[in-house]
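Taking the form predicted on its own, here's one chain by itself in structure tokens.
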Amino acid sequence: MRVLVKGAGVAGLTAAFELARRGAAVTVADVRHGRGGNASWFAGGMLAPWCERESAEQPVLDLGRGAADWWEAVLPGQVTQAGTLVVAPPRDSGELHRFAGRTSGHRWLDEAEIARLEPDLAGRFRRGLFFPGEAHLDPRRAMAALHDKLVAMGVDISFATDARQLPGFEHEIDCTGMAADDGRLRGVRGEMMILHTPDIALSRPVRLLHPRFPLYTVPRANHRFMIGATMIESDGAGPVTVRSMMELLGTACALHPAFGEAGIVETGVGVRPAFSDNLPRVEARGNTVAINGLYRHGFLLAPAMARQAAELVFADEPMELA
């Protein structure tokens, strides 16, 4: 069975893997000239289904709870399973209780327990929430490793390629995100920065709650930290705005003042495709299966969506999964 996967973001590459390991001959085509520049490139890489449940519907938790195990099985060593820490300044303690009340899978920490988990945050927060079942990865390293694994499995991956010029496939998987011909989609703009400082060490993602501008900080290699927060209803892919940069940096300094001396290595914007309910869809139309609407949950939900798509292709039965 020959299958064409359109799009080499996280949805496309995970779908290609699930198809290839079931025995399909897979070609991946992407109009971009390389891996960079898509929404996956600017992702946080948090595999945090319980934290995401605070602002998402139950299917996000149900579909995402196996993501860390999937990524670790496919790419051993890429996943850090150290949980997620959620904190708030004393004046915003109500936000912490609100967050706790909207999700599960956590336990409360006092000031001493926070210090044991993250020594560099000692004395900064009185209470926090710890989600021990969560994990994270570096999206760019994971995408590069998955690309190499697919090539080793015999998958043909072509960049700068118009999929319309590649006929002769029995099935197609459309993973083109905002470029898909689907009027139901809307763009949700997410802005991020990568900071560098040797003065802070974190072992896991830390979410700082704020009633107006919550922040997440994800540790990367070589004393780098990815910070993000914004969810702007826009499909504009222009540079990070001054307002967002000020908010991101100000909130990062509220997490730890040493971020005030950090170097800004990179800023970026990813436009995430979303349906009206912010839930993903896997839909079959004839010989085409579309995966879309992963919103802010790309790395978390892509494995489950890829399995659903592969099952549809091999069942060869037109149906819809949400």
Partner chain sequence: MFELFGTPLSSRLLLGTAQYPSPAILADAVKASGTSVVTVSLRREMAGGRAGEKFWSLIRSLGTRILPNTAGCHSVKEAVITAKMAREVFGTSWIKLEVIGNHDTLQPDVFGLVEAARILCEDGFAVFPYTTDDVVVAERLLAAGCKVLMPWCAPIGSALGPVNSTALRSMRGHFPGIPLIVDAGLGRPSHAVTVMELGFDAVLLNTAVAKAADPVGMARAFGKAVDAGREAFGSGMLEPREVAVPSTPTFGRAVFS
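Every value quoted in this text rests on a predicted model; they were computed, and no experiment measured them. Positions refer to the first chain, counted from 1.
Absent from the display: the form predicted together with its partner chain. The rest refers to it.
### Query
Only one of 196, 98, 147, 140 has a non-hydrogen atom within 4.5 angstroms of its partner chain in the predicted complex; which is it?
Selected option: 98.
#### Entry: Heavy atom within 4.5 Å of its partner chain in the predicted complex - residue from 158, 234, 203, 93
It is 234 that has a heavy atom within 4.5 Å of the partner.
### Query
Pick from 59-67, 271-279, 25-33, 249-257: which stretch has a heavy atom within 4.5 Å of its partner chain in the predicted complex?
In short, 271-279.
### Task
Consider residue 211 of the chain shown here, and say whether it contacts its partner chain in the predicted complex, taking contact as heavy atoms within 4.5 Å.
Result yes; residue 211 sits at the interface with its partner chain in the predicted complex.
### Message
Even though the partner isn't displayed, in the predicted complex is residue 230 close enough to its partner chain, meaning a heavy atom within 4.5 Å?
### Response
Residue-level check for residue 230: yes, a contact with its partner chain.
### Query
How about residue 55: is it within 4.5 Å of its partner chain in the predicted complex, going by heavy atoms?
Residue-level check for residue 55: yes, a contact with its partner chain.
### Query
Taking the shortest heavy atom distance, is residue 185 within 4.5 Å of its partner chain in the predicted complex?
Within the cut-off, so yes.
### Query
So in the predicted complex, are 102, 189 and 243 all sitting within 4.5 Å of its partner chain, heavy atoms only?
Every residue of the spot touches its partner chain in the predicted complex.
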